[in-house]
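What follows is a single chain, given as structure tokens, in the form predicted on its own.
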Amino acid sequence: MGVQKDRVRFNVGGKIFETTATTLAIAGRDSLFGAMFDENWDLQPNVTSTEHFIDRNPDCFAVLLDLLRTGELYIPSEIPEKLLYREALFYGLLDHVRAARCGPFDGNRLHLERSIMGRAPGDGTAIRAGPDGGCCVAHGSMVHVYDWMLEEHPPISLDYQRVNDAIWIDSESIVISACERLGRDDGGMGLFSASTGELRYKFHVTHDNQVKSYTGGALSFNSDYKLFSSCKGRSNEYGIGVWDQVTGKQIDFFYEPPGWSLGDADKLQWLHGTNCLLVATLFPRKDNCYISLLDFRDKNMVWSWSDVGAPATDERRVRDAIAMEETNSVCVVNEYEDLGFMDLRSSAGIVRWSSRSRLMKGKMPDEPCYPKLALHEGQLFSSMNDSISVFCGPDWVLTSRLRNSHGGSICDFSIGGDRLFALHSEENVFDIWETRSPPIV
């Protein structure tokens, strides 16, 4: 990198600043300052010979320039944080601000940053973290979208079609699945703008060369720009559909085999190492639980497990499941937050249960929210009532517990953008948990 040590002069809102090319290069190619450099990271001709006027807030510019110089973020009390974030967005430095403001995500060092009251008390169904630290919250037929500054964008309305799932394709695009409305060609899935709430295009299911109406369910995608969704149609369109997320065209469909459940799936998870899709249909959506791995390359179910034929006891009723590729296993959880593990290398289908939460037995709330699982950066997270447990290490030892007493039980949570978002059921409150950055000495 051939960065020169030449000084650069700025006039920002009438205040003069001087810095070096080395400092500006830290901002990166995608920042406003990136255009000052050529492909070899040398300053463009005449950059140092002129004073660059920027009609923006000089106090915020001083904070951001200091961030580039030192790598540390100090916000004076007289500068509102939202004002600084807005200016950072203008300069293309929002990622730098986020990285300096929050430390690397660690479930054992999370603190409650704030809680936000939702729009429809008691009706929250799902929360999904965005890649840039924002989130979206679904309740009923509405999806409310928040950016990293937790300012709400125009909501996404599905015209009274109940939302089943949502997934961020990137920081500007959200795919939403919804229930079919009888008598109308609605339901299915659509890709929406996260900033405006506008529908960009819909994902159709084709069966026997005819476009079919269907209910879209659980969602997932992979790095090859393929989008997956569980589907329920009126004819034979039960299974997992695959679409090109760039064009919206259907490219494959894995039909549900007899005696199994795919179209009603509660969870889809793409496994990058094996190029397979985890599909989990869980109680109470179905009377029995069905978990399988699908290989779309040869339309084969390479691994499966079900509790069909097993004693129907709540203690062993699976409420959620997640694949753990590093250990070749699937983790499941029951309504008492007991964790169970199954070996993906074995077809025996034996669950090794590990009892951790017997104190919860007999003390479930009147309207319990069943446990959810998430895996992030080698840490396992499990929600239970109004708290989230964090498990670490090869034996998945309980190391910490996150709890906010306001809002009732947690009905869903999601991790992304260095934040954990938890949605409460009773008051439709959602919490934002962050890892604090180390203090400035």
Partner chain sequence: MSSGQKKRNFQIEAFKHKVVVDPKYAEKTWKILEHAIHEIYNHNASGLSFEELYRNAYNMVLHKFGEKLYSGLVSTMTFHLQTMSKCIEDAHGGSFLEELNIKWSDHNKALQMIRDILMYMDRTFIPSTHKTPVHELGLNLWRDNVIHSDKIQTRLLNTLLELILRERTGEVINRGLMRNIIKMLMDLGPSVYQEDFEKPFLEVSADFYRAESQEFIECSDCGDYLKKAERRLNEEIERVSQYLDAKSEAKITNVVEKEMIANHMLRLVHMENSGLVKMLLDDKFEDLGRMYNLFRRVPNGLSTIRDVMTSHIRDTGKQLVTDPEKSKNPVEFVESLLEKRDKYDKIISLAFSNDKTFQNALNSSFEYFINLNPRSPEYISLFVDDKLRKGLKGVKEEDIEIILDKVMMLFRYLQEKDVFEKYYKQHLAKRLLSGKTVSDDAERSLIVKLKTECGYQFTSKLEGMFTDMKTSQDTMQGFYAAYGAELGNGPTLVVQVLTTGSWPTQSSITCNLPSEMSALCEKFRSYYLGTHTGRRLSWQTNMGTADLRATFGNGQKYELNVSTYQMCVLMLFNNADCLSYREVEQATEIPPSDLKRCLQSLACVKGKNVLRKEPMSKDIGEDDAFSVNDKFTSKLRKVKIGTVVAQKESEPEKQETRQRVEEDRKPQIEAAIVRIMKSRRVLDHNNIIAEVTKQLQSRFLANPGEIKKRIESLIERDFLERDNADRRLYRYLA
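Note that the structure is predicted; figures quoted are calculated from it, not measured. Numbering follows the first chain given and starts at 1.
This protein has a second form, the form predicted together with the partner chain, left out of what is shown; the following refers to that one.
Put simply, of Arg200, Arg109, Arg234, Arg285 only one has a heavy atom within 4.5 Å of the partner chain in the predicted bound form, and it is Arg200.
Exactly one listed residue, out of Leu398, Ile26, Leu32, Ala62, brings a non-hydrogen atom to within 4.5 Å of the partner chain in the predicted bound form: Leu32. You can rule out all but one of 409-417, 383-391, 63-71, 37-45: in the predicted bound form, only 37-45 has residues with a heavy atom within 4.5 Å of the partner chain.
Taking the partner from elsewhere, Tyr91 is found to have a heavy atom lying within 4.5 Å of the partner chain in the predicted bound form. Taking the partner from elsewhere, Arg56 is found to have a heavy atom lying within 4.5 Å of the partner chain in the predicted bound form. The partner chain is not shown here, and in the predicted bound form it never comes within 4.5 Å of any heavy atom of Ser157. Although the partner is absent from this view, Ser304 stays clear of the partner chain in the predicted bound form, with no non-hydrogen atom inside 4.5 angstroms.
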